[in-house]
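First comes one chain, alone, set out as structure tokens in the form predicted on its own.
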């Protein structure tokens, strides 16, 4: 490809609304252009990268035995009513009507559609297991789309769905998909972690996320510094920091704490450490309000809290009036002594003694509080966010944190959807059985942005070789004026094309400095600079975009050198 025959429009200025580097560089290189909030056009340069990611995904999915198909993007509302998932997705669902006033959604995911397909196509256990996948456009009406294609409303996703007679069969395919995802991300060339995750609105018994490690990642990934354990913060198990409860050593004492509403203020006032305090958070329950209790220096994990059977869905902190009616005090003075409601404590809190809590009376707290003697709880649960330095839940090492960009998520769904939609097969005994189901999603367009977040410098993108829009850039100095430079560039261009190497030749009438900075921005892995001075020595200049170190190579061997570097 020559630049004059290609749509190459770069920008020097960074867009004001581009907060992260991938968004900035995708706009500056001309890979994408904004159409509306969370809506982007993929220009030819960006599409080349996107299609390479798609092909790697397709290769590995096919190798895993999955079968590619394509489902409609527009889905009848009735399917979502069968599974009762409309409330789960809420405002993210884009509702539309056709001319007959029939209700549809623009698909954010395709569990309902694939289950409808399978219930009409599969009727015997002999047809199982089977795994279908597609690469297709999705739409989720994000409240605040941002970060370019990282969190857009319309995006491209690879979603796969497997169907099984038994849980054991589902687990086998789940492991196959875990390996396929690992292969995909390794081939793309990204540093990542596979972590335990919450299943969220998709549901199911177990799930794992695949996170590309990047400072700009929205998710906190907790991992063992010397073991294999890794989990999203929302899922990471937080072990008790106290091995056993010590016997009481202090007497219960009610103290005046005027105006001390926060843990920080209280600790300064009483000259104590926050680890000696507890905080009691009141949330709506399925039957009555629930008190969730964590140590004063810990944070409530809202995902863990929302999954408790006693807690109402969605998770909601009760308001000031409800707090007052239940406790007789304001939020800053809630405590466990005399609290007449369900009390669930975190594992560490269950082992605390001689602690400080609110007095259920404004401007008063209790010190020297001990379980059983002064207060009781109804249950012990893992309620808090894990922290750096905590023991790893697998018993190996301590927890550290990294930021991650979620690019994939795999689920063991069980029969949640098949039961709701009557997707059944006849088993070996001729009895009807709801199929077990797995679900495996990967963000294709997000993967492109994640690659940039992980691979860039202050000059621009540094593409991993397998997804670069071109492998080689030929940069001739004075192509329009020097005949022998033009001849040498055209000759190398033709030879590389004949070898099947993706090459772009800059034949624009631009200054050398502009050309060089443009291709540093674009991040093409291998760059060959051809000028009169180097040709006098029968040489060309080679640069690798990763380190930008220049080296002179004989003009007669550059074609072979490039082929070897690309193959490597």
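Positions refer to the first chain, counted from 1. This structure is a prediction, so every number in the text was calculated from the model and none was measured.
Omitted from view is the form predicted together with the RNA, to which the following refers.
- With the partner omitted here, the residue from 245, 151, 77, 261 that has a non-hydrogen atom within 4.5 angstroms of the RNA in the predicted complex is 151.
- 219 is the sole member of 490, 265, 219, 103 with a non-hydrogen atom lying within 4.5 angstroms of the RNA in the predicted complex.
- The stretch among 43-51, 496-504, 57-65, 511-519 whose residues place heavy atoms within 4.5 Å of the RNA in the predicted complex is 511-519.
- Although the partner is absent here, residue 365 lies well away from the RNA in the predicted complex, with no heavy atom inside 4.5 Å.
- In the predicted complex, the RNA sits beyond 4.5 Å of every heavy atom of residue 456.
- At the 4.5 Å threshold, heavy atoms of residue 146 reach the RNA in the predicted complex.
- Taking the partner from the other structure, the RNA in the predicted complex has a heavy atom within 4.5 Å of a heavy atom of residue 446.
- Relative to the RNA in the predicted complex, residues 13, 37 and 478 are all within 4.5 Å by at least one heavy atom.
- Contacts with the RNA in the predicted complex, taken as any heavy atom within 4.5 Å, map within 276-307 to 302 alone.
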